[in-house]
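Same chain, two forms, each on its own as structure tokens: structure 1, then structure 2.
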Structure 1
């Protein structure tokens, strides 16, 4: 492990003194503005800096400034929201930024100010989790906890861990990734002491249902998740609730790979070699048949669109298999703006035009009447059930897609109405071979390359 020059890596990923100074100065200026405005309109609110900037755990060039505006617990909620948004908007305006209102568990305003993304979030001032009124209130407690417990040199360990996670593709608790949140990374460093400590634990001792319980609350059994990190500021919350088994496993594998064969390249984007030609070749070699369904993603927040697209993907796979088409794999992708894609790879894509259809048992005459009327003379007996051959609804995958993605049939698929509306408005289903003839978009090719090479990011 002596080979790895962590100092050199940190030099690349740690904010420079200039960046730090600039971010802190801007943050202080914003807070001053908010507090002055609050005082001037008689609002009892206090702005505080939270998140990775407050904790000094942000990666170079990636400072997102999070400012929470604390109102006392007695404040009426509607007033808190109205006043909080107003203060935020006013601050952004004063600073010459552009504003966009968003909604998490309650509304907030995001400003783009001097090249930084700044969130202004109204919240209640609480002293501990028992006073929680909404999920955002907890953020302040998180910030306090990390500032109090994370030693100065451990902030570097958090940076190394976040960067490693980013480069192997397991960082981010949003639905797009389903991986590790920044706060979870910080807790892991507290638990295992250092970046290397985290990787060694993940590689050698982690199991399904792994527990991290820094404050020894003993409440881990409340949760059934693949990983349980009891929130040090709220024993009834699992910080790792959004972490899927897939990303947890990928991190374990990447940790093992790194420890077996350490390389600084794990802290830099992987150099992947692919083009539409190599991808086409790989798909052809597999001997399967792959289709791409393309449509416009609905205009809803990213954290809502990913689960919906995934649900659509799963539902198409399920209904295709119910219709007799064996599915080898599937995946989905969106640029969160103009295009969403669902890839389905088929092991069988043509089927005989007849299929067996199981009917009622032979014992109860009244249950059989309608069945035998319908299939008179064609049904036969297997065991004690009637069976009949009926024409298959879809003999090919092409006819399946044509058949189910139309107004009358789309409701057999179980996914959100937003995506259904978009698909009905416009979509295309294209054989991968044809798709690759007119696809040069690097992001799309990257998605296809990673579908074909699922291990790609986990090793160097």
Structure 2
């Protein structure tokens, strides 16, 4: 295997001493602010730093500061929420930042302070998972576990793994990606010892249902996911629950590619070459017909937007195929603010006026009578089945889209109510060749390029 200069890569991806110092100073300042405010209003809450900053496993320039506010188990949930939000808002205000409320298992405050994104999350103080009152309560235990078990040099291995995953498109457990979380990366380094150990295991021995069980709890059979990483602090939780089969498989392929042909370029964003002209040419050469449905994404949290858009995409494909239009592929994209797009590529986009409709078997007299009443004189027998020709509802993909994206017919599709409302409000369906006549920014063109070149990020 060719020598890879991991030290040089780490120099690029590790936070500098200056960045570390500033992040820790700001974190300590925020914790001091919260604790002093809590004391001044008589709130029995204590702020504690968690996440990758607390564990020294954050990539340079990507420090998200997570501060949890611990309340005792006796605290009423309504008070915890109210007081936690108040402390968070007050801290951001006094630090001159901007605040926004978000929701996980309960509300929390996120803010931008001095260019850093900071989350202030109220939680219960627990000593083990048996005391769990909300999903976020485990996070402090996660931080304690990693700080206790991850050796100092292994933090670098985690950074290499995160960066590699980031550059091959498999990092991030949010719904947008469906990949590996930071905590899962840390557990994988603990399981396999190093970055290279993780890649070698993925390439040679991983299978569907792969198990990581650092504490040997033996509870993996409780889960039916592509990967099962039993949470060392909670034997009844799978840390890899958000990891989809697609991203797990992509990581296995990227690991194999890297081990067969090692290159430092895997740790840097790939320079992809594309423009609207080359993309249009590729779509034309495929001999298929591709349409883009565009609409405004609903104003809801990103983790709710992506599942709704994907559900809509799958439903459109299913209903289109039910109507005889064979689909070659589909994908979706959103900037989360102004535009959402669903791409559907058709192998069949025009159909004859008539279609064959199979009726009942001739042995079932009651069904036969009803069928012949409806289609008298037009039906015939094939084998032991009655058959009739009926006009199609939709003869072209264009008429299909026009037919199902209207109030009376839209319920044939299955999607979240927020998406449905936006599509009914305003949408457009455009043939790809016409779509590419418009001027689009790089994000949209990148989405189309990656649809056409699905393996692009996995090899160098």
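Computed from a predicted structure; not experimentally measured. Throughout, rigid core stands for the largest set of C-alpha atoms superposing within 1.5 Å between the two forms. Numbering follows the first chain given and starts at 1.
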Form selected (criterion: the form predicted on its own)
2
Following rigid core alignment, is the displacement of the residue 383 C-alpha between structures 1 and 2 equal to or greater than 2 angstroms?
yes
Look at residue 358 and decide if its Cα position differs by 2 Å or more between structures 1 and 2 after superposing on the rigid core.
yes
